[in-house]
Ligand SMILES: NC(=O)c1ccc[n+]([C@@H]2O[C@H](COP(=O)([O-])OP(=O)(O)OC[C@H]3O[C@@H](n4cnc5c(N)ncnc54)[C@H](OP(=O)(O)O)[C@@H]3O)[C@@H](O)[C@H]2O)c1
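Just the one chain here, laid out as structure tokens, in the form predicted on its own.
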Amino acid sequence: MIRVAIAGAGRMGQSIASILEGNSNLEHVGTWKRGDDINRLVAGADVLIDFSLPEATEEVLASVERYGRALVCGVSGLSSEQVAQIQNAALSVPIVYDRNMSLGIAVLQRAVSDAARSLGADFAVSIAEVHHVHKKDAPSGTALKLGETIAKARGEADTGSIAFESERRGEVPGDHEVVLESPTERLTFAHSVTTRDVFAEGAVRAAAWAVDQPPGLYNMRDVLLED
């Protein structure tokens, strides 16, 4: 039985808790909210799934390092300094950090990487994303991740050559479209989320995977390829 703690009592935290309740191999040992004692919770867990806020990242990392626990982090909007903190913590504990926990996005990321590497810089790249009106960051973390993947595949230093378009409307969980286009042809990749449960399911799968890994920084592509 793998003991799973959750950081963040919002919609994602509640969805993860619901999934854990129906899993006979995983035990939900508690959910942390700001102001509670995170160390007490982490001490009694094997892995922590964090969908709280960027402001809590330092406290979360300090706790999993202190007790040597695995971490699955899906917090969006982290600064470069906070990502660096995650990279440093991964020297001592296994951490799965990804801006999108969907397994479908992991497959999409691999597909656009292959396409960008094959087609090269002659194809213009645009990435469009649509999310619910409550989402504050734009472009989305997933769009940025896809852009970074494409830039790396093409040997570019950054995403400056990629056009991003963001839209916020209704309660859309998340739609992403990647287009690679030349004067003579157009290649389109798309992914749509029908329910936010997909992110919770991916996070739970990552948590079960992470507890058996050595210290290091992983993402959902690692979980998908090695699970």
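All residue numbers refer to positions in the sequence shown, first residue = 1. This is a predicted model, so every value here is computed, not measured.
Just so it is clear, the following notes concern the form predicted together with the ligand, a form of the same protein that is not shown.
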For this session: Name the single residue among V211, A17, A9, L217 that comes within 4.5 Å of the ligand in the predicted bound form, judging by heavy atoms.
Result: A9
Problem set entry | in the predicted bound form, the residue from L53, V179, V29, A43 that sits within 4.5 Å of the ligand by heavy atoms | L53
For this session: Answer yes if any heavy atom of N100 is within 4.5 Å of a heavy atom of the ligand in the predicted bound form; otherwise answer no.
Result: yes
For this session: Decide whether S76 counts as a contact residue for the ligand in the predicted bound form under a heavy atom distance cut-off of 4.5 Å.
Result: yes
Problem set entry | Close approach of K33 to the ligand in the predicted bound form, 4.5 Å, heavy atom | yes
Exercise. K136: heavy atom within 4.5 Å of the ligand in the predicted bound form?
Worked result: yes
Problem set entry | Candidate stretches 44-52, 183-191, 157-165, 61-69, one within 4.5 Å of the ligand in the predicted bound form by heavy atom | 44-52
